[in-house]
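In the form predicted on its own, a lone chain appears below as C-alpha cells.
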C-alpha cells in the first residue's frame, strides 16, 4: 500500500533496482489497481535489455512498508530498553558526546564503522572519509568482504587490477564457450540470462559447475556436480589436459604472461584419471571440457561465491583465471573473465574507501603517495590518516574482544550475514554504543542504542557501478518520507556534531562525486574523467576513465595488463583441504546460497509480500541417498548440527544435489539463520569467511 508520506519527485520518475549488481533501470508509475505506485522496466538503460525480475517488479514494497522507521529512535533512559522518538539534534549531540568520551578514554580506534555494498558510490566514499577524518579511526570494513573479496584479491594478483568483469556483458553472446562456476545467474542475476541464451542461440557451449542442479544449469550443455572444496582439483585436471595435449596459446603465454612453468609443474600430477578418483567427475567429461574451451575461438569464464566463499577462495579463483590466460581468451571480442558481483554496488563499494586497507580509487592506504594524494583532496596532513584496519569479521571479533567500544552500521545487517553469528550477537551486546542507520529495525538494530532513519534507493540520487564496471547516474525519484534523512546528510551532520564538519561541506550530492573523482585521479579505479553530465548523456561510462574526453574502458587488457611489466601472472595452484573437512563425527557438507525471491539478509524482501509468500522460511535441500540414510519421512524435518550450533529446517528431497551436500539459503535471521552454523575460518589473503563449506551432522526430527 502506498504511504501518504511518499510522493513522486518528478513527472516521469525513473530509478534503478536496489537489489542485484545488474542494476536494471526502472520507471515508477501510478497504479489504478493498488491506488499506489508500481515499477515497470525502463527501456533507456542498456544493461538489462528492457527487463525486470520479480524483485525489481516489487522493488517499491519495502519502501512503502508500515514498519519503516521515519523518526530517530533512542533506547529509553529509564532502563526499560524501549524505543523512544528523539530529535535529530538530540541524537547527533548524544552520539557525538558518547563517541568523544569513549575515544578520550580508549583512543580513536575504539570506534568502528561497518558499511554496505548497496550504498551509492558517494556514500561509500563519504563513509570511508568519515571514518578516517571525522572519527580518525582505522576500523572500517563492509559486507562486501563477504561477497567479492576473494575474486578481488585474485584479480589483483593475476591482472594487477580488480574490476569484476574484464569485458562488458554485450560480449557474452560473442563467446563460443562459456564456463560458469559457482554462480546461479538465473536466480541471482535473472536479467543477465538473456545474454547467455543469446550465446546459446548462436551455438555456444555452456558448462555449469555447481554442487546443485540449478535454474542456470538447466540451460547448460554440460553440468558438473562438484562437491564444495574440489574446484582447484577439478581445474587442475582441465589445465593438465590443455598442457599435455598442447592446447594452450603458446604465443599469448610467452608474450603476455609470466609463471607458466610453475603452473605446468602444479598440474602435472592431476591426470584426468586421478581427478576422477578425487572428485567423481568422469575422465571423459574432464577431457571434453578442457578440449572444448581450449579449441573454441572465443570463450568466457564466469565465477561467483560458490568457489570464492572458501578458505581457499583466492586460489580457486586464480585457477579459473588461469583457464582464460593459458588459452589467450581475454582482452578481445567474445573473451574475458568475470567475477559476477552480487550486491547492487558491490563493485563501487570496494573502490572508494570502505575496505580496511583502501583509499578512494582502489589505492592502498599504506602507499605514501596514495596517502599524500587523498589527504591533499581532503585538506588534511597525510600523517593524520590512520593505517589499515581489519576485515569485516575480524572487526566484529575486535568488538567481542573489547577493543572496539562503539560501532556505526550503515546499510548492512551483520548479525544475519556473518558466519558463526552467535559470536556476533554476543559482540553486539558488549558495545557501549551501537548506531544503526537503516529503514527498519533489523536483527542487528535490535541491539542498537540509536536507529537513524536513512533513505531508500528511490529517494537518494547518486552513482552506482554495476557488475561490468559501468558507472551510471541514479536520479532521485521520490521525496523522503517523514523525518528520515539522506544517508550522506546523516554522515555530514554527524561529522559536524563531532567538530569535524569543516571537512564535510557539500552543496549537493554532485559535489561529493566531484571530490570522489578528484580523489580517484591516477588510481587504479580512476573516475576523474566522469561527470554527472556525461553519465546522464551517455547512459554510463566504464572505468578507468581518466580524462573528460576519455571514452571509458569497456574492454580491459586489449594490449597490456596492470602489473608494472604489462604481463598477467599465472599461478600454479596446489589444492588444499577446506578449513573444516568432513570426518566420521560430522560426515556431510553444508553449503549456503541465495534464492531468486530474496536478497542478502532479507531485510527488504522478507517485508515484500509477493516475494516472501513464495519462500516464507528456508528449506534445506538433501539428496534421496541422504534422506534414506537418515530415515526421512513424508512430514519430517531435519536437524543440522555443526561444531557451532544446531538448527531445525523443513526439507526438500531432490536428486539435483551432490549426495553428501546439504544446501540451505541464508536470507533469514533468528531460529532460521543458517549462519549460526557456518564456519568463520578466513581465506588468508582476502579474509573471506568459508560460508560454502561446513562439516555437519544431519538427522531426522
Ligand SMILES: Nc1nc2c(c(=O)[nH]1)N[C@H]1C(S)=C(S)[C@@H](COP(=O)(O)OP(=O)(O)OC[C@H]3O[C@@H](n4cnc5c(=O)[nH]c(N)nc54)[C@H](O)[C@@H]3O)O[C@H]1N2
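Positions refer to the first chain, counted from 1. As the structure is a prediction and not an experimental result, all values here were calculated from the model.
One more form of this protein should be noted, the form predicted together with this ligand, which is absent from this view; the next part is about it.
Here the marked residues 188, 592 and 678 all reach this ligand in the predicted bound form, each with a heavy atom within 4.5 angstroms. Just one of 305, 350, 163, 129 comes within 4.5 Å of this ligand in the predicted bound form, counting any heavy atom, and that one is 305. With the partner removed from view, the residue among 172, 439, 545, 427 that has a non-hydrogen atom within 4.5 Å of this ligand in the predicted bound form turns out to be 439. In the predicted bound form, no heavy atom of residue 102 sits within 4.5 Å of this ligand. This ligand is not shown here, and in the predicted bound form it never comes within 4.5 Å of any heavy atom of residue 520. In the predicted bound form, none of the heavy atoms of residue 45 sits within 4.5 Å of a heavy atom of this ligand.
Contact between residue 672 and this ligand in the predicted bound form is not found at the 4.5 Å heavy atom cutoff.
Of the candidate stretches 395 to 403, 558 to 566, 327 to 335, 412 to 420, only 412 to 420 has residues whose heavy atoms lie within 4.5 Å of this ligand in the predicted bound form. Contacts between 183 to 214 and this ligand, taken as any heavy atom within 4.5 Å in the predicted bound form, involve 183, 184, 187, 188, 189, 209, 210, 211, 212, 214.
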